[in-house]
Structures are given as C-alpha cells and as structure tokens.
Ligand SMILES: Nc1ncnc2c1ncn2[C@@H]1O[C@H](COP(=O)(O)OP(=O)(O)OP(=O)(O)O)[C@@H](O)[C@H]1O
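This document opens with one chain alone, in structure tokens, the form predicted on its own.
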Amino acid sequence: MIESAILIKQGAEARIYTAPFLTRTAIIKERFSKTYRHPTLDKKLTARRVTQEARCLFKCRKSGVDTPVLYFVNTENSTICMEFIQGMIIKDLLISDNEYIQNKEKQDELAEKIGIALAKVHAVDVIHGDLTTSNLMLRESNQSLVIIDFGLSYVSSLPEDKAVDLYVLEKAFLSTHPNSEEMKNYKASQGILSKLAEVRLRGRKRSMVG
C-alpha cells in the first residue's frame, strides 16, 4: 500500500501518508528504524511501539472518544492504517479562524469538548503523551472533537502521568491562544488536580531558572 501512498508529513518518529483504502482515503503511519540501534532490537522496539499505539487508539475509541477508526496494523512493516479525518486542526482554528478568535462562546464550547474528551481518555488510563492543539481536530461533518496521533501514548493509572498530560495541553492551549481559559468539564480526581498544581509549580520554577 505504501507504493501507492502520498507522503504528507515526516516527523522524528514516523512518516505519514495518504493512500486509497477500499472505497475511501486512509492515513498510513509508518514508523522508521533507528540506525543507531541494533537491527534486531530496533525491530522489536518498533513493533512494540506500533502495537501500543494501536491498542491505546482502539481503547480510547471503544470508550467513546472520537479518534480515527483503526483499519489494520502491520507490525512487520511498522505501519498503522487508519481513517483520514476531514476537518480542521484546532491550532489553525485558534490562529486563523475569526469565528473562534473573536467569539468567547465558541472558545468555551471548544474548551468543553476538549475537557470531556480528555476525561474519557484518562478514565480508561490512557496517557496521550503529546496533547497539543496540533493533535486535536474538529470533524467537518458534525464538529465532533477528534484526538489524533497516539504515537507517544501509553497506559498508566498514576495521577502524576495524567496531570502531566493535562499540563502539556494547558501550556499548548494558552501559548496558541493566550486569552483562552482552562479546560472545562474535565472531571479529575482530587489526586490528579493536586498533582497538576505540583506540575505547574515545577514548570514555573524551570521557566524562572531558564
């Protein structure tokens, strides 16, 4: 399938392609090997990472989170084939869409969607690992909030890990749109909220030290 695919993005860990899949367009994510690792170890680690990403993606979708539909996984070729989402990246909305830049009601509505989605992710102990406004989308068809790119995801029930997930998104959200408020409707335990306060304090101290 990679032979007929079109490369649209390359990151530090993977290449992203679009390709035809049955009657639709799909996204293919291909993790590439790390030349500094022993080939046998590299293949084993890459296969484990592909499997973990697919499992976290499936787990979140099963719990009611809008994520790309998983079509198939090929650990031998280190690829995941999934749904191509027609929609808008949240980062782009907050930077270039006047309907969101100038409308506090729209911002609150968006923050609520993000909070609800993230609460569902954490309820099944999935840590996204890279929650930025670049990894959140709105579906064109129904304006549903979609979480994408689970490449750094893992499973953990620790409040600290969930708090760091929250903190990363909070920082990304505020840096993209400084006037936006914190996420609403994220139903966190007191343990997670207290850990979030600790993580914020550590972040401020690092900023002061430089």
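Treat the numbers as computed from the prediction; the structure is a model and nothing was measured. Residues carry their position along the shown sequence, with the first being 1.
The same protein has a further form, the form predicted together with this ligand, not shown here; the description that follows concerns it.
- When this ligand is considered in the predicted complex, K162 lies well away from it, no heavy atom lying within 4.5 Å.
- Although the partner is absent here, I16 lies within 4.5 Å of this ligand in the predicted complex, judged by heavy atoms.
- Shown alone here, I148 lies within 4.5 Å of this ligand in the predicted complex, counting heavy atoms only.
- This ligand is not drawn, but in the predicted complex it has a heavy atom within 4.5 Å of F84.
- For the options I114, L93, M137, L131, the residue carrying a heavy atom within 4.5 angstroms of this ligand in the predicted complex is M137.
- Here the chain stands by itself, but in the predicted complex one stretch of 22-30, 166-174, 35-43, 58-66, 22-30, has heavy atoms within 4.5 Å of this ligand.
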